[in-house]
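A single chain, nothing else alongside it, follows as structure tokens in the form predicted alone.
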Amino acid sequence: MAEEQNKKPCRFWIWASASVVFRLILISFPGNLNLSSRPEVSTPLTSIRRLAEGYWLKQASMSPYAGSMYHGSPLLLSILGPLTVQSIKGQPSHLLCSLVFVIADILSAMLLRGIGQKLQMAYGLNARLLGFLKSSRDKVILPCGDIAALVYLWNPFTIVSCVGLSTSPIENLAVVLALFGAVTRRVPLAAFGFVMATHLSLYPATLAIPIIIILGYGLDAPPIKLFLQTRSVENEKSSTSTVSKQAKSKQTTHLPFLWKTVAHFLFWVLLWSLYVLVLCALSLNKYGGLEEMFKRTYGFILSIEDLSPNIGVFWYFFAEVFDFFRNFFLIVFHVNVLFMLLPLVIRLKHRPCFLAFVYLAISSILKSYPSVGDSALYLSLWALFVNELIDMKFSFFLFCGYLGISLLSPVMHNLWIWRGTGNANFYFGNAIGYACFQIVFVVESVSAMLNHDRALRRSSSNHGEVKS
């Protein structure tokens, strides 16, 4: 047993190192395999070509948002912009940017591993408290942290986003950093990651709810009713003891909420937000300031001005809709995300990390400009819950669906754009299929988690009956 436990970390680092080497080999090819021009990989918000154009405009003393090419963060422009014009002699011109994305992937994987280790410890502790595990040897608990990290590193979506020079790895890093800070209770780090993720992509703003729940109540756990039920059975068994009377008097129907920690988080969010806004204002001092930034970034995301094809469904719909109804459907599509927040948090408030996964998956489906990098993130977060979702239905069907859509997408795009033997419906049909598979994936994941909680409730009841 000891030798096997020692071999597992070694295997993890071997596979992690192999993924890095594989990335370095791919980025050494000239033209980065033309992945940066793929609509599945690069969007108007994540394209490195648009970022390079914005940096060139800024160097020419013009607004980086002039010409409607660049729509990203001015801070990202200041960091990655100089790397787009610098190159190492004898190496591809994009090498420096690619190395930054490789490092971002490595950091994201390590942070996911840390989150998984915390969740694994909490899972084992809760199982022992409920009486399902007498010791760590009773049941094999899968190393969800290692699995999630390797899923992220070896996911083809992650690899093509890194090699295709998309800024998605940096956005994913900010999201994972926020969750890692919340799970480890490093409040300033969680606030920094949340602010940067929201600043870069807007949609991670929904993560405020699960992060606050994590900081207020703690990590994912079965419903508290199970613990109360188990405790009441033990109290009935030893009702004459003084300890049981004290336990009965201390039973509550809810956990205490740590308002002080949440207030600390909100304070740091405000502080980091002011810091980011000041830096953005200084960067755009001569080019319209913050008003120009909000209009060209968040306004661009919400108004869906660019209707170039992508793996989402918005571009086709708003290309066909009449201008008279455009604003109405913009409100409907964006509010659709907000309508799902409250029901999900009511049902999954005891599992905030899983709730974060659900929010990110829904945002990936309903984003204005989605990419495969968004799917890579939520698929890796899903792997954090392999112990709870091990009995998930239709897993093989969903795997085949994701694989088939990934292979068909470039084929349909080629038939439409380059060969001219197809039309926009070919590519849009593929996008609808992709959205449907994502919806089924989210629904089945939530259903599997709720079934897991119900199974725990039944097992707890049977366990109590046997004891009595």
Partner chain sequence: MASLVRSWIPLLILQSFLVAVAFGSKEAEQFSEALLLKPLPDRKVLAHFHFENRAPPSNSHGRHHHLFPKAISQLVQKFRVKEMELSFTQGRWNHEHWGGFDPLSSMNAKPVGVELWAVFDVPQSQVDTSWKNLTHALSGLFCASINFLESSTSYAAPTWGFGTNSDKLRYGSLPREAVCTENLTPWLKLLPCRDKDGISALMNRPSVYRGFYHSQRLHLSTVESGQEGLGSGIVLEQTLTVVLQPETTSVETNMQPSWSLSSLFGRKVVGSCVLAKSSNVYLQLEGRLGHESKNVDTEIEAHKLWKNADFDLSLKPDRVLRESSGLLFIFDIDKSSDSEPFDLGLNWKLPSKWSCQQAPLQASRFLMGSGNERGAIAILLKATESQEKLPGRELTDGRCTIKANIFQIFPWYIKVYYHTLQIFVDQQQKTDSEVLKKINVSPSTDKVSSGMLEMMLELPCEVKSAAISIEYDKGFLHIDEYPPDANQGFDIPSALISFPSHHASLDFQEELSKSPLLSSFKEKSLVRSYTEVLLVPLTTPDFSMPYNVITITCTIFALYFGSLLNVLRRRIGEEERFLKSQGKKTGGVKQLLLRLTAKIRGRPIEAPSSESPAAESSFLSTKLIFKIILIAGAAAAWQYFSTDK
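Positions refer to the first chain, counted from 1. What you see is a predicted model; the values in this text were computed from it and never measured.
The protein also exists as the form predicted in complex with its partner chain; that form is not presented, and the subsequent description refers to it.
J.: Would its partner chain be touched by all three of Trp272, Leu282 and Gly289 in the model of the complex, meaning a heavy atom each within 4.5 Å?
T.: Not a single residue of the candidate spot has a heavy atom within 4.5 Å of its partner chain in the model of the complex.
J.: Using a 4.5 Å cut on heavy atoms, which of Val151, Leu366, Val163, Ile213 is close to its partner chain in the model of the complex?
T.: When its partner chain is considered in the model of the complex, the option within 4.5 Å is Leu366.
J.: Contact between Phe257 and its partner chain in the model of the complex at 4.5 Å, heavy atoms?
T.: The answer is no: Phe257 has no heavy atom within 4.5 Å of its partner chain.
J.: Check Phe329 for me: does it contact its partner chain in the model of the complex (non-hydrogen atoms, 4.5 angstroms)?
T.: Residue-level check for Phe329: yes, a contact with its partner chain.
J.: Residue-level question: is Gln86 within 4.5 Å of its partner chain in the model of the complex, judged on heavy atoms?
T.: Gln86 lies outside the contact set for its partner chain.
J.: Using 4.5 Å between non-hydrogen atoms, is Ser459 touching its partner chain in the model of the complex?
T.: Taking the distances in the model of the complex, the answer for Ser459 is no, it never comes within 4.5 Å of its partner chain.
J.: When its partner chain is placed as it is in the model of the complex, which of 68-76, 257-265, 188-196, 170-178 ends up with heavy atoms within 4.5 Å of it?
T.: Residues of 68-76 come within 4.5 Å of the partner.
J.: Heavy atoms within 4.5 Å of its partner chain in the model of the complex is the criterion; list the residues of 333-371 that meet it.
T.: The stretch touches the partner through Phe333, Asn336, Phe339, Met340, Pro343, Leu344, Arg347, Ile362, Leu366.
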